[in-house]
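A lone chain, given as structure tokens: the form predicted on its own.
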């Protein structure tokens, strides 16, 4: 006997049940739209910009995204508060994974910051951004019950700066993201402004020592090319050196895009004048190919993501969720600010990728996991509305 076809109402009901079973119906829809839109923009741009016969960049990025989305859904089903209980283990794993790079790391693009795994090259520091947020927020919440003195603030700072210093020896850009995460969590936690002022003064003094004093005495901390990248944006017209050339070519590409872009006539990116066009300078490729409209679309999606993360800070069921949401928001928006700024020539070149848009397995997967934690905060905040408020 021939079965009767399903009605639209039945199909809708089946689809809703499948979404509920996977936990998708409980997620923040606007947040999902933002991250999936950014990743779709990444795939579309890579397909157009790399133009290679094998399509390996596009295929690998799609695979990284699939793994990341599965990880995002899985981690969203875990109550994020459990990570607070695991803060010591998470912090230990974070430091151990960074130490592993010193022992077993492989060099790539001038830095030794990766581990060679059977299926792909993994950068522990990318996942380390999320691990630092989860661990440091837990330590701050736990320590708040024991006092708020300057020694307590210094202990939190030391917990953040220890992995930051280790990463600095491997990757300058990622170490800056670690520092931004540490500073943001301390500020959201209510650290006194006098303590923050003292820390800021110390940070300025440390920067002066690293950039000026140490090179003068013949013991530079940063490599010569890293110093060139940090200072090249101060001389916008200079084309001497690799860093100055990169920023000038990126700005030419962005300017050539105009309002709606040059499409297939985007010679700056298609002919390889824009360096690292699939990673650090992919924003310049978007701006040249799709113009102001494409660049504004990417920035609007990031603004939507940032708004939803800030909203979750206020809706979180406890202070730990507030600190974690704030740390994730800071990590993502800091990377966007620096990456777009270095494409425009107003920020130093630090090798920071554009989250979810730049090509790269470790960064894409780690960012999707961050979004998974935000989704967990969203799910738990709605569940907490039916139960007493818990700190």
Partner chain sequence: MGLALFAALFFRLWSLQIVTGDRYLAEANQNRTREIRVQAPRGDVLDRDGKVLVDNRNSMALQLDPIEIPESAAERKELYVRIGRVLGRSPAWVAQKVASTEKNDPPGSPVTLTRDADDDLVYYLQEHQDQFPEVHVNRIFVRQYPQGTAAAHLLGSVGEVTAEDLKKNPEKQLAAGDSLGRAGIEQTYDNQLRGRAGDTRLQVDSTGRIIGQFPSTMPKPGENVRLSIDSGIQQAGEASLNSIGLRGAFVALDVRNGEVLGLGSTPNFDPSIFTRPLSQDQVDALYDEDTGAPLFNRAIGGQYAVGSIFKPFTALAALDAGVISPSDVVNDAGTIRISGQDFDNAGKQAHGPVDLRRSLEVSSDVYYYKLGAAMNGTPQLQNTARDFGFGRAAGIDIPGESEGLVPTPKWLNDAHRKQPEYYDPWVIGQNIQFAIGQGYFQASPLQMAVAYAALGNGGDLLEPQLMFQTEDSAGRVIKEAEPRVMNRIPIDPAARQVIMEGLHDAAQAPGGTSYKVFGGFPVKIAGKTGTAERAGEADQAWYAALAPYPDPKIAVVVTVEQGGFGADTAAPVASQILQTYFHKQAGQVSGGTGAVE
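Positions refer to the first chain, counted from 1. Everything numeric in this text was worked out from a predicted model, so none of it was measured.
The following text describes the form predicted together with the partner chain, which does not appear among the structures shown.
S.K.: Taking heavy atoms and a 4.5 Å cut-off, does residue 258 contact the partner chain in the model of the complex?
M.R.: Heavy-atom contact with the partner chain at 4.5 Å: present for residue 258.
S.K.: Look up in the model of the complex whether residue 337 has a non-hydrogen atom within 4.5 angstroms of the partner chain, and give yes or no.
M.R.: Taking the distances in the model of the complex, the answer for residue 337 is yes, it comes within 4.5 Å of the partner chain.
S.K.: With heavy atoms only and a cut-off of 4.5 Å, decide whether residue 125 touches the partner chain in the model of the complex.
M.R.: No, residue 125 stays farther than 4.5 Å from the partner chain in the model of the complex.
S.K.: Residue-level question: is residue 254 within 4.5 Å of the partner chain in the model of the complex, judged on heavy atoms?
M.R.: Residue 254: contacts the partner chain in the model of the complex.
S.K.: With the partner chain left out of view, which of 153, 268, 174, 182 would have a heavy atom within 4.5 Å of it in the model of the complex?
M.R.: If I apply the 4.5 Å criterion carefully, the residue I get is 268.
S.K.: What is the one choice in 139, 120, 306, 93 with a heavy atom within 4.5 Å of the partner chain in the model of the complex?
M.R.: None of the other options qualify; the answer is 306.
S.K.: For the chain shown here without its partner, which stretch in 244-252, 97-105, 81-89, 160-168 has non-hydrogen atoms within 4.5 angstroms of the partner chain in the model of the complex?
M.R.: Stretch with heavy atoms near the partner: 244-252.
S.K.: If you apply a 4.5 angstroms heavy atom cut-off, which residues in 323-351 are near the partner chain in the model of the complex?
M.R.: Result: 333, 336, 337, 340, 341, 344, 345, 346.
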